[in-house]
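The data below hold one chain only, encoded as structure tokens and taken in the form predicted alone.
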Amino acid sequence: MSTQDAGMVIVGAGEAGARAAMALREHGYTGTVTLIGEERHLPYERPPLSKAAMTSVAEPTAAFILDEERLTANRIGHISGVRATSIDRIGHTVQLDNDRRVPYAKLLIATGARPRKIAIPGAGSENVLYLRNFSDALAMRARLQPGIRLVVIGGGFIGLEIAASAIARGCSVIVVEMAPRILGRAVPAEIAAVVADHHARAGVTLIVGVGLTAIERDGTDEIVVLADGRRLVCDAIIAGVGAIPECGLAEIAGLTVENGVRVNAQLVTDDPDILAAGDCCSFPHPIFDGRRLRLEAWRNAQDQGNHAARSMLGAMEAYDRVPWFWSDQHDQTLQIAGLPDEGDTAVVRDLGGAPMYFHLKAGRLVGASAVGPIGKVARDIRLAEMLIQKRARPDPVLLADPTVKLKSLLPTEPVAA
């Protein structure tokens, strides 16, 4: 079988995989493209799962990325409802759990991540819900009826988004976070404090700095037992305590796994014919001195899907898009560009009541974060992202001055790395 006959195979039909399939066609590839996914759904977007899928008045439907018409028009073969179990790297085939083997010339692993489970006595699949896919979202939505008492375990982005959605559905909500504050190292403490205050004013009870010891049941009540002895009686428990990259297929194939499938700057693994992209991918970032990252973010999945497709076709450019992330919390948006934890100093700008923090490392802008109404936040975060991409070293005094347009701080000449 020739390389062209074998074609391009993508394991994982989420954002990164679906985008890569389309990008192969957009870049002129005419051979076979096969997209393999475990779910029976067409490829769909996951950000709405914790938001619109929970709060919509009408029964929600998945936000499909590709429908049957687009798949057919672009000659993308979609194999759904099956799991890839192994890779024959010598024979260039992927084994599926329905006994089918799929040949490949280039293979992209875009298997995403799965929720981390809590490991305390009494915590089981029958009483603790996790959010990963559309079916999970439907099960969660069914539980979030007005008046129920909900405990959310984990004060990260997913836990807080679910808390906001549950409040919107009329639930009583307690969020328990083991760390001293919500949102951990992902955002500066000042931004986390603004988000915490917003949740409190919306009616969410936040308990931070306390671990869990057990989950018990008393009749129809669930009881979350805290390390300080408090007992939180509730009707439902949802956990959002992080995610684990889905690397099983790569591990079985003997590829290097290092907090994700390890790839080089072009998103290529140890095997030159196998690439990885999206939530499962550990990659070096050239703008941050080669720091190895694994990002669980919608846009990163999109961008890496695009980039991986180009690399599959022979392009040699390094993936260097600045990380960008957003999270909706009640009527506010939290947006982050770059890596705030890289900074050694911070400068704050007032966006008319919405704080925006710039994070600098030895004078170079490496991150920005802001929370507030989307109309006040989105444009300036986008400009900050451009400054980071250009390795700008803006004057901190000008960064802090809201009368100075960020666009005016963009370097006009290339800045040395």
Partner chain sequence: MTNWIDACAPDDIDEEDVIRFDHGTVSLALYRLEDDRFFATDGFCTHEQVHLSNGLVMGKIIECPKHNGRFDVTTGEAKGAPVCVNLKTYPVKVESGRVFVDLG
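Numbering follows the first chain given and starts at 1. Treat the numbers as computed from the prediction; the structure is a model and nothing was measured.
Below: the form predicted in complex with its partner chain, not depicted.
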In the model of the complex, the residue from Ser282, Gln302, Gln95, Gln266 with a non-hydrogen atom within 4.5 Å of its partner chain is Gln302
Find the only residue in Arg382, His27, Arg391, His41 having a heavy atom within 4.5 Å of its partner chain in the model of the complex.
Arg382
Does its partner chain get within 4.5 angstroms of any non-hydrogen atom of Met386 in the model of the complex?
yes
Mark Pro48 yes when one of its heavy atoms lies within 4.5 Å of a heavy atom of its partner chain in the model of the complex, and no otherwise.
yes
For Tyr130, is any heavy atom within 4.5 Å of its partner chain in the model of the complex, or not?
no
So in the model of the complex, does Val348 come within 4.5 Å of its partner chain, heavy atom to heavy atom?
no
Since the partner isn't included here, can you check whether its partner chain sits close to all of Trp324, Gln335 and Gly375 in the model of the complex (heavy atom within 4.5 Å for each)?
yes
Since the chain is shown here on its own, which stretch among 75-83, 325-333, 229-237, 161-169 would lie within 4.5 Å of its partner chain in the model of the complex, judged by heavy atoms?
325-333
